[in-house]
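Given as structure tokens, the chain that follows is alone and in the form predicted on its own.
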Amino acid sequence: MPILEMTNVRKIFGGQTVLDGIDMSLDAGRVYHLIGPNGSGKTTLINVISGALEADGGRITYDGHDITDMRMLQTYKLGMARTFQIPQLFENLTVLENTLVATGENSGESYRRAAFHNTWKGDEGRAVNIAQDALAKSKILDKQQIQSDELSGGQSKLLEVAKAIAGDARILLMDEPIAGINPKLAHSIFEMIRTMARTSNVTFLIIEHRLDISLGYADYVFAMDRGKIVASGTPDEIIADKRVAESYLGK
């Protein structure tokens, strides 16, 4: 059974249809790309899936749950994480502290138990282990004590991935993870994404414009134009599809 399914999903802003009947199905443990020219509806679709925006029609199912009317916090608790083109970090916290925030509640935060460290110190240790494991998988464990505002752009994006892993995400929606990143690090980021999909069964749905780098790591691609899915298939099939060329070049 697919981990994520969308049926006839619609979104309207001020009378303008931005998502016009989107049908999409994603299987677990695969890397999906969502491509298309600016204004085609890609980011709006990601926002609707995650619950940042409310759909105006259709149905979205994630891991057997109807999430059509759920908000972002609810979908996150079910295992869906969202990253942004500009990383959303706590800049006054270290890399490790940022990741710890995503590990969930610690019983030491309880008013009644906070004063009794022995009752919750095990939770604290487990949270640190989870966070450090996520940082190791994201290739930035060596940065754990650095304040997050000292990270490079690429490292900041890796930290967002680490936070998603620490939060036990099963599907990760990513908006341009290699925007502004040098090619060597961009390839490293996508190699990490592909490894996580294969070894941890995490599903990725990624918006990306740097197709010369990213398509080599995709299992399947959806191409959007004017609020619709105009083509879908393997990277080779998408590259050869005339409808994709028309949407990008306006021919």
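Sequential numbering from 1, following the sequence displayed. Quick caveat, the model's predicted, so the values are computed rather than measured.
One more form of this protein exists, namely the form predicted together with a small molecule; it is left out here, but the text below deals with it.
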Just one of 212 to 220, 193 to 201, 65 to 73, 33 to 41 has residues with a heavy atom within 4.5 Å of the small molecule in the model of the complex, so point it out. 33 to 41
Does residue 24 make contact with the small molecule in the model of the complex, using a 4.5 Å heavy atom cut-off? no
Can you tell me if residue 18 lies within 4.5 angstroms of the small molecule in the model of the complex, counting non-hydrogen atoms only? yes
Residue contact check: residue 176 to the small molecule in the model of the complex, 4.5 Å heavy atom: yes
